[in-house]
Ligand SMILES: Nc1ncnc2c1ncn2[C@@H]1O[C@H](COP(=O)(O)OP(=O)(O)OP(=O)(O)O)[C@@H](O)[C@H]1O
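Taking the form predicted alone, here's one chain by itself in structure tokens.
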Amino acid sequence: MKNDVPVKFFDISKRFGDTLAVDSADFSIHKGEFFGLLGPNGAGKTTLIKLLIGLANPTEGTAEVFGYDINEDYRQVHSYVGFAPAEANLDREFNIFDNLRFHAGYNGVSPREQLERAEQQLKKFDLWEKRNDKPYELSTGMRKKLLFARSMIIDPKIVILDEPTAGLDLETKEAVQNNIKKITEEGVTILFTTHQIDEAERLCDRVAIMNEGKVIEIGPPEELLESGQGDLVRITLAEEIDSLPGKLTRDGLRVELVSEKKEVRATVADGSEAAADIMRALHGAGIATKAVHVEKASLEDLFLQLTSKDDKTVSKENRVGGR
């Protein structure tokens, strides 16, 4: 390894025609970190990881894995990275033992080690009894576990998990999350994409919130909430209104109209002060209110507020927890 930085993006962008799928992503992932890419569908999360593992070529910029450039040192990069895609891409013609064995062989593992590693991973993910089954004979949760096992068979330094619990029922989701914890026990760095905010808040050391291709905030979930958007203000209106008073749409106070236009909501640093400002603006515009509530914001509140604002770019200097 040239250095001990698992992943570093250098103003990397990807354009598909007129669509800018990834827009100048520039940040690093720390060694041993559980790092989440959080954003709605279409935010650019999957495209960003495809750039990292060579399934897409950047339009501008680049990235490095342990100091190796993703374009110039592709084979070296690939040797460090295990990948579990969102959709199973397993070979239907082979049983699950051979799926793992052949994948190890494709990645340069010796024949003897292929057998040992396939057995080891199937046992670790509780699939050994199913080793002679074909992938299509497994449940959805088992196929997810098989993808995790395959991602680990090359003894990677980084594992990328793309939407690992998307579309799963609660019981299967919990089982899959328990298997993700088995990966973390190996001491590898994890890059995890999700649009499920509760997962990011519970599992990740740091998250990068993405929207429309842009990275708009980075940091530990708890520090993001303490960095200036820690309170949620909710003001219930006496009746529906068509739009907010102009005074509330000024720069620096992010306010939105929700709940069928009968509630004003803002995620702010100081809830008490902001609530007073908003109430004055509403009453000054002749808008009657019924109740006001100030509470601690959740990551979901921050996420919704960030991904709905007009200016979705965050400067590198304003990110929490480093580049």
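Don't overthink the numbering: it's just position in the shown sequence, from 1. Computed from a predicted structure; not experimentally measured.
Just so you know, the form predicted together with the ligand exists too; it's not on screen, but the next bit is about it.
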In the predicted bound form, which of 276 to 284, 24 to 32, 46 to 54, 64 to 72 comes within 4.5 Å of the ligand (heavy atoms)?
46 to 54
Should residue 214 be counted as a contact of the ligand in the predicted bound form, where contact means heavy atoms within 4.5 Å?
no
Examine residue 195 and determine whether its closest non-hydrogen atom to the ligand in the predicted bound form is within 4.5 angstroms.
yes
Proximity of residue 163 to the ligand in the predicted bound form, heavy atoms at 4.5 Å
yes
Partner contacts for 59 to 81, taking the ligand in the predicted bound form and a 4.5 Å heavy atom cut-off
none
